[in-house]
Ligand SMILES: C[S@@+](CC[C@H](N)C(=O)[O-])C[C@H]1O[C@@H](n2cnc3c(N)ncnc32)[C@H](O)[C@@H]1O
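For reference, the chain that follows is the form predicted on its own, supplied as structure tokens.
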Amino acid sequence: MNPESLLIEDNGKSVVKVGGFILPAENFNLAKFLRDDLGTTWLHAGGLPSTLRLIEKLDFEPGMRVLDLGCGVGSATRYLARKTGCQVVGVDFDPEMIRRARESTRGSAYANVRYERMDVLHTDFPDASFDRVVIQSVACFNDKPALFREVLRVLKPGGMVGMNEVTWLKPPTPQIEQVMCSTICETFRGAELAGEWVRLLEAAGLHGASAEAHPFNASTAYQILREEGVVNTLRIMWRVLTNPEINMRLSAMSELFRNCPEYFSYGIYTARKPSMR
């Protein structure tokens, strides 16, 4: 299906019609919807599977210093710390995200996690502070060259960055971009083709950039249970069952995932800061 066909006129207004659902043709903030309406705590593309893939590719070792740039409410930050044994710092500019991240860590065993409110483009960390930097659904919202320069600055020589970002599989028309921004997430406004993400990483001075594409799929009940635990999964399921607006939004997204897989994905990217000679 060509996503352009989903953008229609309805009573003189431009809307998106997916299946039997009509959505306004305006940018949709998926992270806010997931956090505030649905109640999930994993807010980036691909959820837990994408974070697991980054862990596989970044060769973490216990005791490494890791920076999670744009950590949101901190679910992936805590998972990284628990899974790898690294010292992990989560950074986000949104004070509500940091408040929730700190609240979730308070009184727990996460002595190797801390959160700081900072601009991801201009952090307060000294040069060469971290062995690894993780970025998940953040670069698309920011000045990409500036972000990758900051990554290069805070990485130690030989350190690696791992990134998970929304990725076009083919160049979009303005109409296709609008359908994606309206139905799935406004992040598609800043999405790139895989080759362009690689070029931007290498233009910043990071070497050996690699890319792999993964399809968007609606989360299964098992994935939600792994990410959210039993209690929050039950809360989420209750919201889906009792709130028609939430049910409509999720159904429309799932319909687009099924019918337009050839247009978009999330990409897993890695690159390395050159070692000092």
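Keep in mind that what you see is a predicted model, and the values were worked out from it rather than measured. Start at 1 and count along the sequence shown; that's the residue number.
A second form of this protein, the form predicted together with the named molecule, is not displayed here; the remarks below concern that form.
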Requested in this report: Please state whether every one of the three residues 167, 197 and 212 places a non-hydrogen atom within 4.5 angstroms of the named molecule in the predicted complex.
Outcome: no
Query raised in the report: Does residue 46 make contact with the named molecule in the predicted complex, using a 4.5 Å heavy atom cut-off?
Result: no
Requested in this report: Tell me, yes or no, whether residue 93 is in contact with the named molecule in the predicted complex, where a contact means a heavy atom of each within 4.5 Å.
Outcome: yes
Requested in this report: Report whether the minimum heavy atom distance between residue 97 and the named molecule in the predicted complex is within 4.5 Å.
Outcome: yes
Query raised in the report: Would residue 142 count as a contact of the named molecule in the predicted complex, using a 4.5 angstroms cut-off between non-hydrogen atoms?
Result: yes
Requested in this report: Heavy atoms, 4.5 Å, the named molecule in the predicted complex: which of 175 to 183, 198 to 206, 148 to 156, 113 to 121 makes the cut? Say which one.
Outcome: 113 to 121
Report task. Please pick, from 252, 31, 66, 58, the one residue with any non-hydrogen atom lying within 4.5 angstroms of the named molecule in the predicted complex. Result -> 31
**Report entry** Proximity to the named molecule in the predicted complex, single hit among 101, 88, 133, 76 (heavy atom within 4.5 Å)
**Finding:** 76
Report summary line: Applying a 4.5 angstroms cut-off on non-hydrogen atoms, the residues of 52 to 83 near the named molecule in the predicted complex are 70, 71, 72, 76
